[in-house]
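As a starting point, one isolated chain is supplied in structure tokens, in the form predicted on its own.
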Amino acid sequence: MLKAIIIDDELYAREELNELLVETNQVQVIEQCSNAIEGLKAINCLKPDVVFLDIHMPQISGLELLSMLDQETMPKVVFVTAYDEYAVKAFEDNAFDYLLKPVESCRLLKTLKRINAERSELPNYEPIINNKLELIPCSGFNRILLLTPNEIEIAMSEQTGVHLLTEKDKFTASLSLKVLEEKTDLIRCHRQYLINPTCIREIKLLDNGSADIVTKSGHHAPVSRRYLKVIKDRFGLL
């Protein structure tokens, strides 16, 4: 049985799709989410087989959420949308699964049949997703915040998650370092660290061939020997 997550900001649409999926006896809905931020956390935590993703949602759209996922580990995605000629054409041209609202049970069964037949295959979503992220969802101090990438000085991976340092605060991101490196202008300086090159104030060279970066706000990030040459080359340093 397929494990599924439904992400849609419309309660009625979520409940209706959930009922249709239950009736098929082929899908277990393990979570329903009302926005992309909740959906991102649920996908990373629950590892579903398939996500039924609404395209038009406030703040972060379905396609923006898709851009935040690691393309190598992401689940199957079925796009759910009210009729949109251009969106539907994009899905069809790239052979992506989609459902039109209101969802019809016969069309849903056809989609599930296709998902089961192609379960081991992962479509390439690159043609319809953004190459760069405009917003980074974060949590901290009992709130959820949307950061722009240029606000981030350092991103670092720790046992408790991926943390982002801004000028004054520290937040926990729902994204991996890999996605942040691929989808923003942050650059790798260490296996566990990314740095915003526009926020570097000083690079302290150390005797062991590594270095320490100090940002404009006084944050520190290590530079391993592996990445020191890359950093030097970027800034034309000898």
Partner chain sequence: MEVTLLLLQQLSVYLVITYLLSKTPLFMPMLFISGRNSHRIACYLLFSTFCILGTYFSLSIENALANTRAIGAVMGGLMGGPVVGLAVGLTGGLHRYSMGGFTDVACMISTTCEGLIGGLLHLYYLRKGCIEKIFRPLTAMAITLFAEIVQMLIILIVAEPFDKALLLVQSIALPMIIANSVGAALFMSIIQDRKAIFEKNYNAFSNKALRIAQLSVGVFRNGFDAKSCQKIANIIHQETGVGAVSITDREKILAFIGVGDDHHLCGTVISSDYTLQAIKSGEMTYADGYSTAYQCSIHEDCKLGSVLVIPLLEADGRVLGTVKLYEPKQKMFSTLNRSLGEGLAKLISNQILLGRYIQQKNLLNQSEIRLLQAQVNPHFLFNTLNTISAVTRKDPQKARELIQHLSHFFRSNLKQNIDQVTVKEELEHVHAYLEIELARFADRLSVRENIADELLSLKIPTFTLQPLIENAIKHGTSTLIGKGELDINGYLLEQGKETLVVLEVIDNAGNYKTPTNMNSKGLGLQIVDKRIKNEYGQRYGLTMTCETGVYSKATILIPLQKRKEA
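Residue numbers count along the first chain shown, from 1. All values derive from a computational prediction rather than experimental measurement.
What comes next is about the form predicted together with its partner chain, which does not appear here.
K.L.:
Which single stretch, out of 51-59, 193-201, 178-186, 206-214, brings residue heavy atoms within 4.5 Å of its partner chain in the model of the complex?
P.N.:
Heavy-atom contact with the partner occurs in 51-59.
K.L.:
Please identify the residue among G161, P123, P127, P102 with any heavy atom within 4.5 Å of its partner chain in the model of the complex.
P.N.:
Contact residue from the list: P102.
K.L.:
Sort through I37, I43, A173, M68 and report the residue having a heavy atom within 4.5 Å of its partner chain in the model of the complex.
P.N.:
It is I37 that has a heavy atom within 4.5 Å of the partner.
K.L.:
So in the model of the complex, does any heavy atom of V22 sit within 4.5 Å of its partner chain?
P.N.:
V22: no, not in contact with its partner chain in the model of the complex.
K.L.:
I'd like to know if A95 sits close to its partner chain in the model of the complex, meaning any non-hydrogen atom pair within 4.5 angstroms.
P.N.:
Close contact is absent here: in the model of the complex, A95 is far from its partner chain, nothing within 4.5 Å, heavy atoms only.
K.L.:
With the partner left out of view, is L228 within 4.5 angstroms of its partner chain in the model of the complex by any non-hydrogen atom?
P.N.:
Heavy-atom contact with its partner chain at 4.5 Å: absent for L228.
K.L.:
Is V88 part of the interface with its partner chain in the model of the complex - any heavy atom within 4.5 Å?
P.N.:
V88 lies outside the contact set for its partner chain.
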